[in-house]
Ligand code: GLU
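Coming up is one lone chain in structure tokens, specifically the form predicted alone.
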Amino acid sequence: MSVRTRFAPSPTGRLHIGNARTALFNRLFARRHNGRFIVRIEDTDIERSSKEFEKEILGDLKWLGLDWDEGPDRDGAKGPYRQSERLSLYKSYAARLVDNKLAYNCFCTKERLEALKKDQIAKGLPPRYDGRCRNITSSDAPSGMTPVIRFRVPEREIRFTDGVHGGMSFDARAFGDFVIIGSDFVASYNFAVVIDDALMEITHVIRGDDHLSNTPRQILLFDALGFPAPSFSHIPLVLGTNKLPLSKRERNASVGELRDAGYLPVGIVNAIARLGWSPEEGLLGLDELSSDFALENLSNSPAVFDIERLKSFNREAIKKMEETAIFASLGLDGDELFMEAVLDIRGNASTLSELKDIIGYVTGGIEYDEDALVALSEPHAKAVLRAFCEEAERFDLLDGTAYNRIIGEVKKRTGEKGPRLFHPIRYALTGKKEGIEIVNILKLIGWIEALKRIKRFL
């Protein structure tokens, strides 16, 4: 049996970190077993779905490197791959269930259902449909009213083995007969996903714990339709640092936000791969992650998304970037010393945006605060700056070798060392007390600009 997994996002928002992890795990599992990874768009929520979100989700997946074998933009024998294009399929299978007395038309109004729910809650009972229309005949059906179609839930226990949680058991009597086709003729989530998974021959469903309660209903539908059910694995939800489920409203909760903030695909992939899984240490490529991936190694405890851990992976990813790629991503061009300085300081940044900011505060305009002006007015600071200028003017280029010789001479001439030696130079060059190494500042701003900044305080 060839392994087939799927990722089925709803185009109602940006690609969330938790959903990106689900896509990653499905893709890793498929590649690990030489199977196929399918992307399916669940867009039956007409009011909230949009083509813009669909385009962004697919773009984010491609940017992360999570390529797929079948999907809305690729030919495949099991398509179409948008639920909105499969509505006639859902209707035909629902009609088959009705014909076989496994589903029925329900004419209950929203008002009656709401009153039923309130009454059950008041009595301390779990809300469920009471089966009023289960045995209604065509002659008893009210005229002028569009019914929904409900699945006739059998009284039985549903058992299955979850790939993450192990043996699971549910009592179907707790469900009540649930809707599979609405009065708007749109299939419910549980019904559409069963038809899609069956016809697309999905062998393994890997998804979040929030879908665990849907699984017994779906297994009942697979059985009723005569389809084999796939293997289910439910991964715990991703939590924020507040230990609550990560919200789409939280900053840096989507792949798009992380990309805009200057994170790299390989950094993000390595961070989310470790949300509930522990592959080898270090920055790993997708092929390396795939070869090590196994469902039995996934944790059944919630994982916390830690932005600091992501920064650590991303810092390593920036260090490993090709030189031409890093310059292109920053939109930089300059002389050899400038480019050398950029490469030397990239280890100070956890994102490309931070690296750009570091370069910007050095090469851009400078604002000297009160502390800087006071420090630069001290007699020892003036002596250090004067000696630095005089020594620097002996060189045509302020590279690392020249800088070390200049500092050595300034130290001899002034007798200063430590902060009293370096702070005046840094303050004069950047207006800040701390930052990247002074030699890299000199490489970034150049010889003429460096002396110009220092001489203004003499």
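What you are looking at is a predicted structure, and each value in this text was computed from that prediction instead of being measured. Sequential numbering from 1, following the sequence displayed.
One more form of this protein should be noted, the form predicted in complex with ligand GLU, which is absent from this view; the next part is about it.
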Please pick, from R82, H211, R96, R386, the one residue with any non-hydrogen atom lying within 4.5 angstroms of ligand GLU in the model of the complex.
H211
Assert contact residue (ligand GLU, in the model of the complex, non-hydrogen atom within 4.5 Å, options R207, R274, R150, R315) equals R207
At 4.5 Å between heavy atoms, only one of the stretches 185 to 193, 155 to 163, 274 to 282, 118 to 126 reaches ligand GLU in the model of the complex; which one is it?
185 to 193
Please run the contact check for P9 against ligand GLU in the model of the complex: heavy atoms, 4.5 angstroms, yes or no?
yes
4.5 Å heavy atom contact, E42 to ligand GLU in the model of the complex:
yes
